[in-house]
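What follows is a single chain, given as structure tokens, in the form predicted on its own.
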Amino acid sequence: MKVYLDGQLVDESDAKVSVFDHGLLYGDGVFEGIRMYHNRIFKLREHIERLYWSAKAILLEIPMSQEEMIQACLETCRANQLREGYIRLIVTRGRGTLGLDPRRCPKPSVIIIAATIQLYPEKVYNEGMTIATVPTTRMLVNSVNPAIKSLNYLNNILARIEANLIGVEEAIMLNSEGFVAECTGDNIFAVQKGRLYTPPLSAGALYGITRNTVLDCARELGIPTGEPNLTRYDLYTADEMFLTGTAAEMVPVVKVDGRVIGTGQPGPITAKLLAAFREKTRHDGEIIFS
């Protein structure tokens, strides 16, 4: 495997960062997860734009333009002969000294990893997932805003640990007001009486690229959408539920906190949206090999 590291494509065994990199020492950096489908990097420009927004929010100056970053992603995929898979794009504050001060890191580091991925077994997509609400709450928007995809994922990891301990694959995280925010790595959707709902960004939900794509698909299909504050009651009484994320794509949910959702099987609106989403992946994005 070839890895892009600070302007060069190097062998996986040579892709190394300093132990003094503030991304390692303090989680000081940002990242994006991006999918490749059918020889295209899906929504690449949207992902790159979000990466630069995250970097701007933490005053991290990425040492290349957005167009140069796009070309670097394409070059990394070509070097690994990939037409399907997953890209992890990382920008760290770079090598510095011990201590939090980012001014001691003169040069940020850019890393691009392109590989294959399967987040969940195929059975989960066909039969649905069981999830549960956990005690760990989503971070406050006035602390580390969830819109920033930072390298510090401990909030999500603690929630995932709690999910693991009770034997489910994913965890619902509430915000400090008790409203549904998102899952540890995915946005959450509920269907009630033919209408599609998802928590607003103000509740602590990530500005998800897949989330936005599914909302676009719903509007094109004539499915009404809304982004109100949701409680656990709204999830328990939903007719259908599913999760969205770049790595996960669309995952049906059939049980929450011991309550069966709808019929206990992936629902018809979920199926329509999944088909529309997959169709978009065939046509949207930057072509890897011309």
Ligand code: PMP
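Numbering starts at 1 and runs along the sequence shown. All values reported here derive from a predicted model rather than from experimental measurement.
Absent from the display: the form predicted in complex with the named molecule. The rest refers to it.
Annotated contact segment (heavy atom within 4.5 Å of the named molecule in the predicted bound form): 241-249, selected among 221-229, 53-61, 254-262, 241-249. Interface residue among Thr210, Thr92, Thr198, Thr76, judged by heavy atoms within 4.5 Å of the named molecule in the predicted bound form: Thr210. Comment: the named molecule is not present in this chain, but in the predicted bound form one of Ile113, Ala132, Leu215, Leu206 has a heavy atom within 4.5 Å of it, namely Leu206.
Shown alone here, Gly85 lies farther than 4.5 Å from the named molecule in the predicted bound form, counting heavy atoms only. The named molecule is not drawn, but in the predicted bound form it has no heavy atom within 4.5 Å of Ala159. A residue is said to contact a partner when one of its heavy atoms sits within 4.5 Å of a partner heavy atom; Cys183 meets this definition for the named molecule in the predicted bound form.
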